[in-house]
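Single chain ahead, by itself, as structure tokens, in the form predicted on its own.
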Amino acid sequence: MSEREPRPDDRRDRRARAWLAALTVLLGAVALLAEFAPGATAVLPYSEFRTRVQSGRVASVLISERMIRGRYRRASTAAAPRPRAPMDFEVVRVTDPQLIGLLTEKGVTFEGTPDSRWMSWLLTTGLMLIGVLLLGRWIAQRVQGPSGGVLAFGKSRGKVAGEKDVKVRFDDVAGVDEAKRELMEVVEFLRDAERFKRVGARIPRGVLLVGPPGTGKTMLAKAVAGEAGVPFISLSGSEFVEMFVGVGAARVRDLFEGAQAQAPCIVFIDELDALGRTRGGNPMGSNEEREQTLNQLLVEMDGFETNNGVIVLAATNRPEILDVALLRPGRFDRQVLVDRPDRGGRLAILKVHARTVSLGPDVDLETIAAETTGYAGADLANLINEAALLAARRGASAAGSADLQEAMERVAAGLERRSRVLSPDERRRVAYHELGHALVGEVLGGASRVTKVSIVPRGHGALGYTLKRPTEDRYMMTESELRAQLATLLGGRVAEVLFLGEVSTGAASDLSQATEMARAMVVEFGMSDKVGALSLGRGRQVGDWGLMTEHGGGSEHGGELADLVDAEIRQTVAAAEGVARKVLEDRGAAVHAIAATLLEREHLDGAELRALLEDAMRGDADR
């Protein structure tokens, strides 16, 4: 278990101790240097000392057990009185019974003093040792940090939030009502475990939250802890595994020991697939450290020790690669799907995030929810924030409908790049390319409609873009809809060939998506009469360096069947290309007219595009 996070007062105390240690070392060093550093005091042989006493040059001496220190006679005037100066010379004392008589005879003032040199040395050395110890302790604390650092490999790095620190509640998590209902049992158990025990019920030891990225899995886990009023311990699966064998297992043990001490509590492991990947699936050999860590987690969750009151929540977006031992009853025996929200869920999420943002009166969240099909909760939160940033940038007090529309384009296509200036030929090619996508998609229809066409560069490599929005939430697609999408993808390339005479590199991404879609239709969805109702896309595939990769999307078929699959993929793409060509050839005059308008305005929304297409087609019919 990790220690509590240091408070500001603790940090101030540590800084004060560090300064005190440094000051102590400095003072000790200065004192030691002052004591032993060579200065103006001369060291005389004892014979020279006697000679100078006899000559009357010595005025006074200070006699200690080991040393004799003295001053010479000097004349001083009233105008320039002699200041008090340090001793002029030092002599190592030797046994001389006649010394006192000689000093008395020559009128030398003398007195005895204890030998304090070694005492001062001990004092300064002690000060320095104390300072070094304080400074070393401060450095060790900085190296270790709140979680033990490099000096405590086996300590868990989980972050502990007390029951009063978790502020998230189920009301703060919208769009996942089914998941919240599933997790309410966990909350009820943590609130009143005796009610379940009386009837012999056993709450699931572990709950696995499964869903795409950004759908709110971490927020749900925090909400469970907040609703139940119990401590919340969170960490990532990657924080267990280190380069040293045995460290991960030690961290798992420490995690559950600390959790048991705080029970009832919730342990949340994010990105569980970093730790719980299937054992023995690596073709290059097993990872002993990761497997030991996983084995320890399996033991802690359902071993000889019973962790009463400790419920483990975990999140992953790749459940298919988890070890089967993790998913059996007694461990993560309940899986809760946290999927992308439907239209009602998106509206609820938008309302939650709109609480902290000023929205203009022209904003209709229901319309935004309808236009954001496929968005996850994190995407919607980012959408609201981007709209607020745009409003603040132009000095408005509230985000309007135009800000939200611009934010949706930013999320979908990236930032506008007005600084990327295209040549006239490139702008013309981009206009025809994007119109090819838009017109083919609009004519063939299907489950989506064009909402905007633009020739303004956006993002990393898009020189133009065509936005299409689904008309409703869809969970499956028919073969005709897929073929219409395939033709729409190829519409840009076909438009370049028909109206500009040759293709360009701008269709590279379209070809990649079209090829993958055609392959899925043939080998996964059984949409080829010649190949038949077979699913050939779930085996392993040959990846980099010729190794067979896990859970790939390739196939294990070969020979004549592989040649037939390749031929069918090629034929599927060619048929879609033919459909796109027919659509654009029949509307050649309309394409030229709309392209001229697009080059002038730089962008058209869906309604404008449809109006221009109807006008152009009506004009052709009149002629």
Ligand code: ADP
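Keep in mind that this is a model prediction, so the values were computed, not measured. Residue indices: 1-based, along the sequence shown.
The following text describes the form predicted in complex with the named molecule, which does not appear among the structures shown.
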Using a 4.5 Å heavy atom cut-off, indicate which stretch of 426-434, 167-175, 403-411, 500-508 touches the named molecule in the model of the complex. 167-175
Among Gly258, Gly214, Pro264, Pro204, which has at least one heavy atom within 4.5 Å of the named molecule in the model of the complex? Gly214
Residue (of Ile349, Leu183, Leu272, Ile233) lying close to the named molecule in the model of the complex, criterion heavy atoms within 4.5 Å: Ile349
Please determine whether each residue of Gly491, Thr572 and Ala580 possesses a non-hydrogen atom within 4.5 angstroms of the named molecule in the model of the complex. no
is_contact(Gly248, the named molecule) in the model of the complex, heavy atom dist at most 4.5 Å: no
Is there a heavy atom of Ala520 no more than 4.5 Å from a heavy atom of the named molecule in the model of the complex? no
May I ask you to check whether Arg331 falls inside a 4.5 Å heavy atom distance of the named molecule in the model of the complex? no
Is Ala378 close enough to touch the named molecule in the model of the complex, meaning at least one heavy atom pair within 4.5 Å? yes
Check each residue of 591-608 against the named molecule in the model of the complex and list those with a heavy atom within 4.5 Å, in sequence order. none
